[in-house]
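Below are two forms of the same protein chain, given as structure tokens: structure 1, then structure 2.
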Structure 1
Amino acid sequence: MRRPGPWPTAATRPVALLGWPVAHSVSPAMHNAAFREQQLDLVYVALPTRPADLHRVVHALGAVGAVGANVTVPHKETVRPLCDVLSDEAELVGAVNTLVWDADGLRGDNTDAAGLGHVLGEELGIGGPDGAIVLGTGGAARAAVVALGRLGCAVTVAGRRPDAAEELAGLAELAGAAEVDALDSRDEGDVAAAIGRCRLVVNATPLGMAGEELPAPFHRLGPVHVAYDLIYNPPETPFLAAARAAGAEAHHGLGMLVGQAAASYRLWTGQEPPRPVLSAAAAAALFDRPDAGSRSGT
């Protein structure tokens, strides 16, 4: 807690965002609004960190008393060996997006799956026995299949690299999925049939950031479907526009961004984050400044 008055002060402790690039991130706006709201003597700063500098920057932050950090592209995997302890969640998802300096040293954690799981489960009411299909097999897709597995869904992974889709289906099973399947995303017949069995359809690729369409079956949803695009800028991708036009429920990825931020905030502060403050700050930073958030998941 800090006293009312000028802030930051000489006693304010930093929380950092490490990525390359980070200039477009909305995380400073979100976290500083929440620190201000809860009068915490912390400040969140985005530190553009080249891959070759990651080791030195992490050690310097520990030396100056940083409370924690977010880690984003391209460091989510390369930061792992710099951590003294990895959480079970970071091990499961295979990436670190949150660092916490505590009595045990530097702990690496991951809040992406928890953030998305909160949105899908608590806000959208997704859970077993719903079927869910995820397009993509990258880092965000890994978090998505863990979140869906944990919710007890029947999870299908569609990717253009069938071996990677198989691996993610295995991850969903490990996380608790009721059933799993893996498909080649270029096989229109199989993908259309799987979408027909699903309630939730998730885009976990960057397709749509520059107006690209997804494979054709993803543009043929109906009123029974919930479309979730992990992309949040632009807020309406061709996938979401087609889903909405067909009567499906459609959501962009800002909820996931806020969800992972809320979970990281809890790890750094031990306090329940003011979620409406995080959401409003993210929306204002993004939609008042349309280039914000265009390059970074965090």
Structure 2
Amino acid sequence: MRRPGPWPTAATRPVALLGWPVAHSVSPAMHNAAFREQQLDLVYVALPTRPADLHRVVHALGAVGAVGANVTVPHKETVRPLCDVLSDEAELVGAVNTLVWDADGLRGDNTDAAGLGHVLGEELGIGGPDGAIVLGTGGAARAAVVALGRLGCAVTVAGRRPDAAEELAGLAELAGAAEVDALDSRDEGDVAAAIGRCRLVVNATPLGMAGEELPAPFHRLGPVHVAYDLIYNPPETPFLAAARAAGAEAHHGLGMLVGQAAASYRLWTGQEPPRPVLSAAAAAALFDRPDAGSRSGT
């Protein structure tokens, strides 16, 4: 705890966000608001980290006494070998989004699956026997298929690398999916047929951050669909815009961000996070600034 007064202080310890890019992120505003609310002598900073520099940046954070870090694109899988210990969740998901320095050294954990599962299950009512299709095979997609598997959905994974899509389908099955399938995302006929059998359509790729479109079938949804984009900035990607125009329910990824942030906060501080503060600060940082909606990120 810290005493009320000037902050940060000479004793303030850092928590960092590692990614490339990170300038779009609302995580510093979100976590620093929560640290101030609970008077913790911590400060959250975004550190743009090129892939070639990841090892040096992680080592430097440990050397200066950092409490922890979040890890985002493109480092969620490549940071794993730098950890001394991996949580069961990180082992299952195969990706790390949270680092904690403790008595055991550097611990890698994953809070993405829990954050997304809360939003989909508790807020959107997704669950078995709903069908869900996930576009992507990276670290975010791994968390998504675990979350959907735990909800008992029938999960289809679409990716440009069929072997990676097959692996993620197996991961969904391991997590509890009712049925699984894997598709080449370039096969528009098979993808369109799969989307037709699904209620939930998830974009777990960075496509859309700079205005890119997804493969064509993902832009042909209908009123029976729920579209969920893990991207939160910009809050409306071409995928979500097309979904809304077609009458589908559409959601950006800010809810998932708040959910995973709350779980990471708990790991770093040992305290229950002030979730309303996290949520309000994230929304204010995203929607109340002059350039809201013009920048990009996950």
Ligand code: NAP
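None of these values were measured; they are calculated from a predicted model. Structure 1 provides the reference sequence; residues are numbered from 1 along it.
Is the form predicted together with the named molecule shown as structure 1 or as structure 2?
Structure 1 is the one predicted together with the named molecule.
With one rigid part turning against another between the two structures, at which of Ala154, Ala144, Leu61, Val258 does the hinge fall?
So the residue at the hinge between the two structures must be Val258.
How far, in degrees, does the smaller rigid part turn against the larger one between the two structures?
Between the forms, the smaller part turns 19 degrees against the larger.
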